[in-house]
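Given as structure tokens, the chain that follows is alone and in the form predicted on its own.
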Amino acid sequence: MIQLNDLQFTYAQSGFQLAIEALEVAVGEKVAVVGPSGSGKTTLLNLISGICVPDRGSVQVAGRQVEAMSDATRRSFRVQTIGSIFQQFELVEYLTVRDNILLPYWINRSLVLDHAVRERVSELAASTGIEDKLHRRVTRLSQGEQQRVAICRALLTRPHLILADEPTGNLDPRNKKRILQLLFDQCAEGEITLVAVTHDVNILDGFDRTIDFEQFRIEENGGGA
């Protein structure tokens, strides 16, 4: 699903540089990325999704060279192929919960919004415990509820790849377990690949692999970081 080769990226203002010689993630694999703040974990997700473009090297996702695409093509590819769960959620404040979940269909005309999609919104909302909040504006939700909206939005299109930045960071233990199980079930059902950045070492056992980003050391799970 993902192949990174000879990758280098630098933030011009800060001078921070990320360099990855090689990284591969298989189709259907669940990979956790751990490491200290500022080590480049979120930048890795942004490079995979095409939000950032490397200074050198290649990023291949689902057989496509991401860095070779135009900005418009990358945006379209991202909406159709990748479900992104952002650490800051990136919800639209003036929209309802339902419309925030449906946002990929509002911004990409190639996606067809039909009855089945609307039914899936209701199913995802029920599975995350926010079915009674679909008509509320997201500004009236708690942080944990907003996070669940973002997760529903990422899963709606049945993407080939889910990129999650601290997907359980604002959830209580009960909802953390519920959301992780939903993510893992969706991955198994649709052979979806999952790459999740996390600081929570208690959730690592559910992943196939853990990447320690500080040293870029790849460890087979067990769960150590």
Partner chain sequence: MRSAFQLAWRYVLYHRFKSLLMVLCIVLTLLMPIALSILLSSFNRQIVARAEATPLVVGAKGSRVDLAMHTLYFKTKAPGTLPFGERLTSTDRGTVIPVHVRVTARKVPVVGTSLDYFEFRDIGLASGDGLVRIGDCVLGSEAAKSLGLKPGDQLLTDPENVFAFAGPEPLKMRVNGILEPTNTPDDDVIFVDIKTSWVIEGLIHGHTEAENLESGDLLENDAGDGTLTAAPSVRPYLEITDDNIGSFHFHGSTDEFPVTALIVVPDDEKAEALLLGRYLRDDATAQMSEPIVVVEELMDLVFRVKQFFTANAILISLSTTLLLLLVILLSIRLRKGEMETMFKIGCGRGTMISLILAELVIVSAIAACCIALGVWCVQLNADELVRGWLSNA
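Note that the structure is a prediction, hence the values are computed from the model and not measured. Numbering follows the first chain given and starts at 1.
Beyond what is shown, the protein has a form predicted together with its partner chain; the following relates to that form.
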>> Counting any non-hydrogen atom inside 4.5 Å, which residue from 139, 143, 122, 73 sits next to its partner chain in the model of the complex?
In response: 139
>> Only one of 62, 69, 51, 182 gets a heavy atom within 4.5 Å of its partner chain in the model of the complex. Which one?
In response: 51
> With a 4.5 Å heavy atom cut-off, would you call residue 95 a contact of its partner chain in the model of the complex?
Replying inline: yes
>> Can you tell me if residue 131 lies within 4.5 angstroms of its partner chain in the model of the complex, counting non-hydrogen atoms only?
In response: no
>> At 4.5 Å between heavy atoms, is residue 90 in contact with its partner chain in the model of the complex?
In response: yes
>> Please determine whether residue 127 contacts its partner chain in the model of the complex, using a 4.5 Å cut-off between heavy atoms.
In response: no
> Listed by sequence position, which residues of 141 to 176 have a non-hydrogen atom within 4.5 angstroms of its partner chain in the model of the complex?
Replying inline: 153
